[in-house]
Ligand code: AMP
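Quick setup: one chain, the form predicted on its own, written in structure tokens, and binding and motion questions come after.
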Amino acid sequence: MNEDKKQAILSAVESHDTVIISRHKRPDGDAVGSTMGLAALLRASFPEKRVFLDNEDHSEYVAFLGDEGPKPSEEDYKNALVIVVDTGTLDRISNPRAVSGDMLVKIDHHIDAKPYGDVSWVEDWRSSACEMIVDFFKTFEDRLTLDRTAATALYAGMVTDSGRFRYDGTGPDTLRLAAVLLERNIDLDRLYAHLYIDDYNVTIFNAKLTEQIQRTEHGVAWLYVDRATRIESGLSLEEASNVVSLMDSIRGSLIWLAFIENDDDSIRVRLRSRFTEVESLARNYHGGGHAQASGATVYSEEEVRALIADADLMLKTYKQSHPEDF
């Protein structure tokens, strides 16, 4: 599928001596895994080319995948191919220089609300951007080299964005492509230890937060993490944001929300759902993403209350039409 887009991307890589890869701000496992995995794939396949990663922020969660290496200079951008992965809109790119190259390519699995790029390969039904990168390799496996380093990064992103292959979007092709990565002898014990073993303070923080989960009249579960609580617990913004997973198994709560105060007084929102969708709700609050996993940003208590109320109305409407769902 989209063979013409994939061929255009490969041709662009082959015709450029320098490739620069970027991803979205506040990166998750898929954003880091897909960019680092793509970089490793291209370095192994085209050792004569110069391949850079260029991003302004990083993720402690998947820091075990390694350092991104030296950044490209302004001169490097002049004739470079820039590939942006896992990023739906230009304003979400964690690299303001991304548009200054010779050619811009978008590879993404989010809903394509604001298209960009000279070549745009978007498959919003995919479980992760990493899945797309593995599919890219499989399409041209006679011309590309996938080593263990690339496979480990891509598997890390695939397993985190799919919720260990539980979330909507996980299909037969997802598992077939995951098998391609496992054939490269990934050390799963170490990988899962890095991803899913928490520090003691995180465990205690989650236990306290569990007691503070609230529910709306129609079942929307939500949590609010203020900056003082997060700092007192010694957690990063990323670690605090993971509290959204504390609410993913509450019967009847088909929508759940986590609000996390940022250092600049804005409030990050993570929206998740089962059966119904929340992406349209996220778009109303400076965000977007996937049908059942999106992000947004609000800037006041009034907006927090408004978003919760809108989510409650959305869930009420859905439950009235689908009384059999739980």
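Each residue number is its position in the shown sequence, starting from 1. Values in this document were obtained by computation on a predicted structure and should not be read as measured data.
What follows is about the form predicted together with adenosine monophosphate, which we do not show.
*Asks:* How about residue 296: is it within 4.5 Å of adenosine monophosphate in the predicted bound form, going by heavy atoms?
*Replies:* Contact check for residue 296: yes, within 4.5 Å of adenosine monophosphate in the predicted bound form.
*Asks:* Can you work out whether residue 270 and adenosine monophosphate are in contact in the predicted bound form, taking contact to mean some heavy atom pair no more than 4.5 Å apart?
*Replies:* Output for residue 270 is yes: heavy atoms within 4.5 Å of adenosine monophosphate.
*Asks:* With the partner left out of view, is residue 58 within 4.5 angstroms of adenosine monophosphate in the predicted bound form by any non-hydrogen atom?
*Replies:* Taking the distances in the predicted bound form, the answer for residue 58 is no, it never comes within 4.5 Å of adenosine monophosphate.
*Asks:* Classify residue 49 as contacting or not contacting adenosine monophosphate in the predicted bound form by the rule of any non-hydrogen atom within 4.5 angstroms, answering yes or no.
*Replies:* So residue 49 does not count as contacting adenosine monophosphate.
*Asks:* Quick one: 24, 287 and 290 and adenosine monophosphate in the predicted bound form, is every residue within 4.5 Å by at least one heavy atom?
*Replies:* Every listed residue reaches adenosine monophosphate in the predicted bound form, so yes.
*Asks:* Please tell me which of 230, 110, 97, 218 lies within 4.5 Å of adenosine monophosphate in the predicted bound form, judged by heavy atoms.
*Replies:* Flagged contact: 110.
*Asks:* Choose one stretch from 270-278, 50-58, 65-73, 33-41: the one whose residues place a heavy atom within 4.5 angstroms of adenosine monophosphate in the predicted bound form.
*Replies:* That would be stretch 270-278.
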